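As a starting point, one isolated chain is supplied in structure tokens, in the form predicted on its own.
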């Protein structure tokens, strides 16, 4: 038996810098610090910890079954670990970035985390345009759930109940998509919990930049992890030659390429480009692929 097995098991429900809030199996929350100078803890981690005065020390990180993160040329940002699914929230207004959406879905596919798209504010008159932009995603098998967290709150809560029940779900989306409204709808008392976590982390003004864990039921079966809005979503941890296999609509055509190392950008006999020309793959999705491929193939400095 590992020497860590004798230590208490805990769940990281918030983390900021070298501070973490660890929840015990009984529901007690303890402010902890990692052993050593560097902290790699993220919300959703399972850890072994030991009491140290009024606080605790994290001695061991249990193996993760998944980790969703983004990486640009300078830094890596982890969102959460041990997820059952990702809910990417976009809105009818303001107009969402399809590049950001595609990047989040690619990162989820790379991490082995199933993803669902939530289209919020569908009670607004300009919703049809957003639905049309999401049509290629529905066609390639991504579930799109229509929501109206403000205008049709009861219906939205009911629609998400089955999707979230018993699952650990990371809520991800850009600023303005309505994430805070949705969290407050699904988690009564979420603002109070946020204040308590902020105080425990000594984060103060960083409250809005910290990822937070919320239980969705008294039995603590399902949870929602709220992550701060993002403007950029780097995928530099993904090799360009793997990109097409992480985009379901393109992946479905890969066996039709003449060359096994086809980049799907200029080679003759390319099954992906043939699918684009026939309309089987949306031109907008292919443009995103080329944009991402060029970015991932760019030399690192």
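Numbering follows the first chain given and starts at 1. Just so you know, these numbers come straight off a predicted model, no measurement behind them.
What follows is about the form predicted in complex with a small molecule, which we do not show.
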Since the chain is shown here on its own, which stretch among 215-223, 72-80, 142-150, 100-108 would lie within 4.5 Å of the small molecule in the predicted complex, judged by heavy atoms? 142-150
Tell me, yes or no, whether residue 124 is in contact with the small molecule in the predicted complex, where a contact means a heavy atom of each within 4.5 Å. yes
Please run the contact check for residue 228 against the small molecule in the predicted complex: heavy atoms, 4.5 angstroms, yes or no? no
Using heavy atoms and a 4.5 Å limit, would one call residue 177 a contact residue for the small molecule in the predicted complex? yes
Would you please decide whether residue 85 lies within 4.5 angstroms of the small molecule in the predicted complex, comparing each non-hydrogen atom pair? no
